[in-house]
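Here we start with a single chain on its own, the form predicted on its own, put down as structure tokens.
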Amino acid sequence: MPSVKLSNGVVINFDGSAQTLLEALERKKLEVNFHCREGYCGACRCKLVSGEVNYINEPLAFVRKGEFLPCCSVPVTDIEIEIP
């Protein structure tokens, strides 16, 4: 079960009960901007400080190195992220 550490110190265990990282963050009442939930718009773009994620759906939005879209991804390893 990978853990998700946020820059503010909050740690979430990604146990698979949420389909995506965005859902897991929302369940913990963390505010993340989003629109489409499918990787089309890029509004949920976050910084991936460390670790690795896999995309459930390959995003169509532009994603720079060191960024990821939580709306369509899951952690593969323990990750550390920053939410803008």
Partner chain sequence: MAYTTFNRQINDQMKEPMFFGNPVNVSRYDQQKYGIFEKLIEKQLSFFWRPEEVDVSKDRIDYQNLPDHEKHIFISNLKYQTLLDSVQGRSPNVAFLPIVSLPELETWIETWAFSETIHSRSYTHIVRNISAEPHKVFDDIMLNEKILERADDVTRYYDDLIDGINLYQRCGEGTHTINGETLSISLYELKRRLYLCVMSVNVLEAIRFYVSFACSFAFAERELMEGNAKIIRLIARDEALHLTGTQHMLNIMAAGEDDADMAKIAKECEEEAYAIFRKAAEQEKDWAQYLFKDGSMIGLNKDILCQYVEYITNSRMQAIGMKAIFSTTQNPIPWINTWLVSDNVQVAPQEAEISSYLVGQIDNEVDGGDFGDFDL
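Numbering follows the first chain given and starts at 1. None of these values were measured; they are calculated from a predicted model.
From this point on, the text means the form predicted together with the partner chain, which you will not see here.
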- Query: Should residue 33 be classed as touching the partner chain in the predicted bound form when contacts are defined as heavy atoms within 4.5 Å?
  - Reply: yes
- Query: Would residue 55 show up as a contact with the partner chain in the predicted bound form if we use heavy atoms at 4.5 Å?
  - Reply: no
- Message: When the contact criterion is heavy atoms within 4.5 Å, does residue 48 count as touching the partner chain in the predicted bound form?
- Response: no
- Query: Hey, in the predicted bound form, does residue 60 get a heavy atom within 4.5 angstroms of the partner chain?
  - Reply: yes
